[in-house]
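In the block that follows, a single chain appears as C-alpha cells, in the form predicted on its own.
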C-alpha cells in the first residue's frame, strides 16, 4: 500500500505540507477517540458509585480532582465529553477536507504526468495499444489511486494510531485483561491477509475487463459509419455483450469475496468482545475490576477491532487502487523508443537535403519491412516514391522525421544523422500531409495554426488563401471561427486536405512529406488540393508518395519500391522506357484513368 505513495512521490511532493497537516489532524482525531471513554468512566465509577463509598479506582485523585463533589465531577466529565466531541468533529471535518483536496490535486498532477508521458512515447508503443485502455488508465485508474491514497490517510492511518494507543493503555491499565482482549487479533490478521490478496487479484482482473470494454466502445464508435453502413450492429453488440459479461463476472467475484470477508471479520471481532464481556463481568462481580474500567475496555475493544473492520471494508478500495497504480506505473515506466541521445545537438536551420543510406527497418525487431534503402533528395527538389500497396513507402516517409528509428543504416538531413540531433528541433523543420488528414477539436483557424506557435493571424489567413481554404470558408456563417467536429467529419475529404495543406504552409518548413494527399478525392476537390500543393511544394524539398501520373511526371526523381526494396529509380520517361515494374504500374494507372464504358439500364437479351 505504501509503495503507491513512493511510486507517485514526485506528484505528492508539492502537496506534502498539506498532506502532513491532514495526517496530523486525523491522528488528533484518533487521540480523541481514545480519550472519549474516560469521562464516562469517571461518571460511572466516581459519580454513580454508592454514596459514602470511596472512589474505587481513584481517577479524580490521579487527575488532581479528589476534592470535587459528585455533581462537580459530573459537570466536569460531561463538559469534557462535550468539548472532546466538538474538537473531534472539527478535526475530523478539517482532516477529511484537507486530505480529499490533496487527493484531488495529486491526482490532477498524476493524470497530467501520464498524459504528457503518453504523448512522448513513440509510435512503436502506440501501435500496440488499444485507445480505450489508455483512456481508462488516464481517467478511471487515476481516480482509483486517489481513492486509495485518501482512504489510507483518512481511514487507515487513524485506525493504526488508535490500535497503538488502545493497546498501550490497555496494557498499562490491566496487562492480563489486555491479553484476553487481543486473543483473537492473530486470527483477524490472518483472515485479512488471505482475503486481501484474493480480492486484489480479482480487482486486477476487473480492471483489465474495464479496459476491454473501453477499447470496444472506442473502436465501435470511431467507426460508427462503417458499422451502420454494413448493418453490423448485432455483431458489435454481441462482442460488447461478451466483454461486458466478462466484466460482470469479475465484479461479482470481487463482491462475493468482499461479502464473505466483512461478516467474517465481524464474527471474529464479536467472539473477542464476548470473551472480554464474560471474563470482565465476572471480575466486576468479584470486585477486582470496576464497572467503569470494564466499559472503557469494551469501548477500547471496539476501537481495537475497528482497524481490522475498516480494512475489511477498504480491501476492495485498496486492492483496486493498487491494481490501478500498477497499470499507471506500467505506462510511466515505459521509456520512449525515440529520444535524444546523450550529446544530441539542436538541428541547425536545414537547407532540405534528405538521404537514406543503406536503411533497414522493422516494426517487430529483426522482421524487416525495409531492406537496404538508398534514397537521396537535393534541397528544393521533388522526389516521388511509388510502388504497389505494402511495398514500404509510408515506412520510408516515417523514418525522415524520426517517428521510428532505422534498425540499420542512417537517415541524413543536410548530411547529419537525425539521431545526432534533438528530435523536436528536427520535427519542427518537417511538415506532413497525410492521405487522411487529422483535424482536432477547435475552430478551422485553430486547425490551420496548429503546430505553428507564434504565427500571426495574417500568416494563417494567407496560408488558408494559398491552400484555397477560403473558397469554402467564406460560405460558412462563422468563417474561420467555425467549430470543427471530432475528426472533422462535418467537412469533406477535399476540405480537410486543404486545411492540412494550409497547416503545412504556415509551418513554412524546408522539408515536406506528402503521403498520397489526393487519394480518394473527386475531380473538383483534387483540383483545389493540387493547386494548394503546388504552392506548398515551391522552393521546398518534397518527398511525395504517389501513384498518379500527373504527380510522378513532375518529380525530379522517382524511386520505385517493391517488397521493402528500391527496385528502380529515375525520371518518369526513363522508367517507362525501361519496361520494368514502374512501366507496368504506369499502364495500370492509364487504364484506371480511362473513361469507363457507359452503363446501360436496358436489359440485354442474355440478362433477360
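Only a predicted model underlies this, so the values are computations on that prediction, with no experimental measurement involved. Numbering follows the first chain given and starts at 1.
There is another form of the same protein, the form predicted in complex with a small molecule; it is not shown, and what comes next is about it.
Please tell me which of 435, 245, 443, 259 lies within 4.5 Å of the small molecule in the predicted complex, judged by heavy atoms. Checking each option against the small molecule in the predicted complex, the one that comes within 4.5 Å is 435.
Which residue, 409, 510, 392, 272, has a heavy atom that falls within 4.5 Å of the small molecule in the predicted complex? The option sitting close enough to the partner is 392.
Of the listed stretches (130 to 138, 477 to 485, 362 to 370, 493 to 501), which one has a non-hydrogen atom within 4.5 Å of the small molecule in the predicted complex? Comparing against the small molecule in the predicted complex, the contact stretch is 362 to 370.
For residue 516, is any heavy atom within 4.5 Å of the small molecule in the predicted complex, or not? The answer is yes: residue 516 has a heavy atom within 4.5 Å of the small molecule.
Quick check on residue 404: any heavy atom within 4.5 Å of the small molecule in the predicted complex? Result yes; residue 404 sits at the interface with the small molecule in the predicted complex.
Report whether the minimum heavy atom distance between residue 388 and the small molecule in the predicted complex is within 4.5 Å. Looking in the predicted complex, residue contacts with the small molecule include residue 388, since a heavy atom lies within 4.5 Å.
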